Structure formats: C-alpha cells, structure tokens
Ligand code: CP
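Coming up is one lone chain in structure tokens, specifically the form predicted alone.
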Amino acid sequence: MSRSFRHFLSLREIPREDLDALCLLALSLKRREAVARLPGRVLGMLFFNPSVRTRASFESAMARLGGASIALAAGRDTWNFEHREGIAMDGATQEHVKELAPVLSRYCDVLGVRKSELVTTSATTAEVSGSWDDLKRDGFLRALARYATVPVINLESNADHPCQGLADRMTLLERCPGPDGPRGVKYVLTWAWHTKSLPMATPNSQLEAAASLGMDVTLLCPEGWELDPEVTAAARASAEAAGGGLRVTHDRDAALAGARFLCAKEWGSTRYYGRFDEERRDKERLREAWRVDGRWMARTAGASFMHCLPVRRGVVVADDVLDSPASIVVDQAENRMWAQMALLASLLGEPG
C-alpha cells in the first residue's frame, strides 16, 4: 500500500485514507488473505514505561513478518537522555537525542518509543514536572522523530497512543461488516473511576479512531473530566468530515441509549494536572457511580464492551461485564498485533 506519512506519531496527523488502508490490510492479514514479509528488517523499541501488550504485540508482529526486534528499557539498559536544545549536560543526562536517534537509525529500520509521564506501576499517581500544555507537546518523541533517519512509531506518549487507536479502529471495522461499515453507528467512550490519575493518550486516540470512521460518537464523562478541547475539536472535525458526529455529555442515560459500542477508559483531569491529591479527593464521590456494570450495558442497544487493558476488575468495570459475551477486550487486544503488522509492512515494505 502507498502512504503519505513518514512517522506514526498521532492518528490526528494521518490522513483518513491511510488509516482506512492500514485497517483493511490488517484485516486481510488476520484473515490470511494477504501476506507481508520483512526478512532482515529490525525494529528497535525504547521503553520509558512498563509494557505488556505493546511490547509483546510488536515483537510478535515483527517475528511473524520474518524480522527481528530489539527492546531497551530506558534508565536500566540505557543512559539518561536529553532532548532539549542548547543544554549544558552537567546534570543527570549523559546522552542527547541528537546522537541517540541517528545511531539507532543505523542499527534499526524503524524505531518505536513509549514515554508517558503518568504511566507507572506504583500504587500512587506518578509525579510530573511541567504543565499539561508543556507535556502534551511530547518533546522527547518529537525530537527523536526529528533526528532519526528511519520511521518512528509512537508506542504511547503523553498526548497519544496511535497504535491502540489503530487497533480499535480495525476492531470497529471488523465488527461492522457491510458497505457502510461503522459509519453512523453509535460509539460511546466513557470515563471510568480509577484509584490513580491516568494518561489521556489512549482516550485521545480512541476518540479520533471512532470519529475518523464517521461514527456517531459520544464522549461521556463527569463534569471536569472532559478531554483536551483541542483533541475534542479535532475529533469532531474528523467525524463530520467522514459523515458522522461527536458530542460531549455528562448524561449517562442519554449517552448509553442506542449505543452499539461502549468503550471504557480511565483518565486524569486537565484541570487538576500536577495536583493529583486534589483530584483524588474530588473524584472519590464518583467511585461507585462511574464503574461500568450490567446496569450500564442494559441501557445500551446490545453494545459490545471495549477496553484497552490492563483493567482493574471491580474498580473500572464489574466482572459481570468483562466475563460476558458482550466483552470483546481480548479480540481488541489481539488486533494490536495485526494492526501493527500492517503498520510495519506499510513503513518498511509491501504485502505480497
């Protein structure tokens, strides 16, 4: 397939025609209707955060394509990196991205990086330095892409998780066969309560994924937990351009009525960004009301339940939803591998 993008950093930067082609190739690969091979090609991945599905799905994808992969844990396998310009590196950093990116580009044919300030295995929310307006610029990711001489894939940043969005988009297409596909089908992305403040990257990309398919998209959340206005505006424009629409609501009953897909995700509030103790105290009142359970599903039009995983059972969603036939979270997770196979084949070669 031909493509018009060099890097894969945000769904908002990829033309809808390219996203359609990637998803169709992914579906063809999954159905064994197409074959792609990348023998001798190498994927290099740099992880600043823990990873299960992203690392395993990319390594599996590259192996199935006949290539190889290298995964480095930043801070454990590497030096500490600097990406800012004009910095005298007399502190904690030992290597600048200006050297890192071209060197890795000579070892590898494509690079991936996961760097999100809020992803942590700790029981408490991660500490952040800087405002949301600063961190959403994804300085390290953008610098790596600027100085790399090979394609760069965002494996999750502060602002975006385009690989999750691509897999969700593929899943929605897979579940809506027919000439119109998911266009006009009601999709609800709902905020869910969590013990910690979590990144907005995944819901940002999930919103754009559904919007770019022309779906009837509803963003459901409590007041104060709306996504970044720039992200919402971009998704609304994508939805309208594709023949759909997007609305933001705090009315659960109105949101769930007629829904065919209900995607739950936890995320922090831009209003409280960096003041997470205050956010935790404020959102405690939302704990019981914003856990997805069977009563939520009963208000939909027989919706399929989606979640990116990992998910905290009994906190974000009840067992009776996750264990029901309505849950497609495992299929959704599997599609990470197929979507990423299509992405790698597009960036590095052609299906045969």
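The structure presented is a predicted model; accordingly, all values stated were derived computationally and were not measured. All residue numbers refer to positions in the sequence shown, first residue = 1.
Beyond what is shown, the protein has a form predicted in complex with the named molecule; the following relates to that form.
Though the named molecule is absent from this view, in the model of the complex it lies within 4.5 Å of a heavy atom of just one residue from 308, 61, 321, 38, which is 308. A heavy atom within 4.5 Å of the named molecule in the model of the complex is found for one listed residue only; from 52, 315, 298, 289, this is 52. Within 4.5 Å of the named molecule in the model of the complex, a heavy atom is found for not a single one of 197, 280 and 283. For residue 171, no non-hydrogen atom is located within 4.5 Å of the named molecule in the model of the complex, even though that partner is not displayed. Residue contact with the named molecule in the model of the complex: residue 136 places no heavy atom within 4.5 Å of it. In the model of the complex, no heavy atom of residue 83 sits within 4.5 Å of the named molecule. In the model of the complex, the named molecule lies within 4.5 Å of some heavy atom of residue 114. Contact with the named molecule in the model of the complex, defined as any heavy atom within 4.5 Å, is confined among 38 to 46, 53 to 61, 23 to 31, 322 to 330 to 53 to 61.
Counting a residue when any of its non-hydrogen atoms is within 4.5 Å of the named molecule in the model of the complex, the hits in 146 to 176 run 161, 164.
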